[in-house]
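Okay, here we've got a single chain as structure tokens, the form predicted alone, with questions on binding and movement later.
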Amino acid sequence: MTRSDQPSAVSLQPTGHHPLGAYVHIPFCRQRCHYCSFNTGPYRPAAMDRFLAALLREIDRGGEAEWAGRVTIGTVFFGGGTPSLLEPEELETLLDRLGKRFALAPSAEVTVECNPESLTRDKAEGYRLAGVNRLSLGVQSLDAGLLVRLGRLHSPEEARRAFEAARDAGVDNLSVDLIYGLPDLDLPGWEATVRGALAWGPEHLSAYGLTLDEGSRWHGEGVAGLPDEETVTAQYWSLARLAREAGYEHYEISNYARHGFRSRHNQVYWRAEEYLGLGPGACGFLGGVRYGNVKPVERYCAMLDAGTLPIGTHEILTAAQRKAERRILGLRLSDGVPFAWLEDKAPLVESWKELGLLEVADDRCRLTEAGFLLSDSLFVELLEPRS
């Protein structure tokens, strides 16, 4: 394994076996949520303008690589931060530049993460006309008090209006993000949020258990009222049941979709395929190399002003690391992995089967719903040298 803080030390050469994903990080928010540990900073129009100019330069530099003409981009995901702070014209400029520097597949899935308070019908329509065909709405909760505690800027009513505005604008692929395990969130309160969001009829639902990651305000200061493990587990099971009853497939540990509406971009990650990382702090994976851009926005802009790619770190994965990642990432999906990938872990597979955590069918190993719930500890077991 090789690590480096020298951008010039990394040579990226995608294999070209699959279309690339492209993750584009928009690093600005009007207000940072208390649970957030992502690479974000306060929104200022001048800072956004400078950043966008640098981002276009990064796309140009990537397009100058000798391999750029041999690959196709199959998915684009604008994450953040708050990508919905972008005006439709700005988003159109970014997508146009990507399409000029790389081959953007005509059927590419193009997703923008949106905060409810920054999404209007006109903006949603502008995004759609610019080439966006999927919106992911960061609702998180439909409890007004909890939204305030989380540091969110929208109300439950504004979340619903934003969803309806996107529908009115002709967006026919909408995802809703929710969080369970929140402070003082009991089971009835969680079920009210899930039922409310499902009643809107989104094509996709993502629901994550709260984690207090380093870099978040709640990690540093702590937060009172966190529910116990039994309550969080009950919230997980109620989500799985309500989503199933509403016709959603539980296709990944934290994700549910109507038929044909899985997140194509996120499946690039879970299938250990290759993707570009664009923007400050964005990560990419090309040709067995995982790399990360520098995080400070000013440093990112300055490096591109100087004609240097803003890669801050990289890691060359060994064959053993690649194998371990493919197994773990593949088991996150309901599709599972070929049994042959786990033959050297046969005793572990058998013990998981006996516990009802894994099933083997059609020569594939798949985690059950109970296995999904315990997946973090199962993956630790999978990485242990002896099983």
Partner chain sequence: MAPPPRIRNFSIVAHIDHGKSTLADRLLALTGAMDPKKAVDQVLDSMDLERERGITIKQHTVCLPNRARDGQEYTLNLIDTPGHVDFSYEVSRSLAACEGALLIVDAAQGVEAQTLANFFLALEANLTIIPVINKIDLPQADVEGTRRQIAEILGLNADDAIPISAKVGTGVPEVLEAIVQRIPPPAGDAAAPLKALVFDSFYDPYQGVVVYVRVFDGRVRRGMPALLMSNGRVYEVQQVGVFTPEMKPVEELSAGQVGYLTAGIKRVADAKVGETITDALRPTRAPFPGYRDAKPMVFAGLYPVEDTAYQSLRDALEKLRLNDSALTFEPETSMALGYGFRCGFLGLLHMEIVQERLEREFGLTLIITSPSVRYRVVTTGGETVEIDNPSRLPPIGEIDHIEEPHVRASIFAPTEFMNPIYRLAQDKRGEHRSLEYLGKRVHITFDFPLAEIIVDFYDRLKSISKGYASLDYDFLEFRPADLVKLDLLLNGDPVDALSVIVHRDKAYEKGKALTEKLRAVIPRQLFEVAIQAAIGSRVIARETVKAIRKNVTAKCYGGDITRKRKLLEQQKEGKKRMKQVGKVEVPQEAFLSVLRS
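Predicted model, so just to flag it, every value in this text is computed and none were measured. Positions refer to the first chain, counted from 1.
Unshown form predicted together with the partner chain; subsequent notes refer to it.
Q) Exactly one stretch in 184-192, 313-321, 142-150, 116-124 has heavy atoms within 4.5 Å of the partner chain in the predicted bound form; which is it? A) That would be stretch 313-321.
**Q.** One residue of A65, L52, I328, V360 in contact with the partner chain, assessed in the predicted bound form (non-hydrogen atom, 4.5 angstroms)
**A.** Looking at the other structure, the residue within range turns out to be I328.
(Q) Counting any non-hydrogen atom inside 4.5 Å, which residue from I253, V294, A169, M303 sits next to the partner chain in the predicted bound form? (A) So the residue touching the partner chain in the predicted bound form, by this definition, is I253.
Q) If you check in the predicted bound form, do Q31, P42 and E158 all have a non-hydrogen atom within 4.5 Å of the partner chain? A) The answer is no: none of the three residues contacts the partner (heavy atom, 4.5 Å cut-off).
Q. Might A103 be said to contact the partner chain in the predicted bound form, defining contact as any heavy atom within 4.5 Å?
A. No, A103 stays farther than 4.5 Å from the partner chain in the predicted bound form.
(Q) Is it the case that A47, even though its partner is missing from this view, gets within 4.5 Å of the partner chain in the predicted bound form, heavy atoms only? (A) Answer no; every heavy atom of A47 is more than 4.5 Å from the partner chain in the predicted bound form.
(Q) in the predicted bound form, does E230 come within 4.5 Å of the partner chain, counting heavy atoms only? (A) E230: yes, in contact with the partner chain in the predicted bound form.
Q: Tell me, yes or no, whether S375 is in contact with the partner chain in the predicted bound form, where a contact means a heavy atom of each within 4.5 Å.
A: Yes, S375 lies within 4.5 Å of the partner chain in the predicted bound form.
**Q.** the partner chain in the predicted bound form - contacting residues of 330-368, heavy atom within 4.5 Å
**A.** Result: R332, S351, W352, E354, L355, L357.
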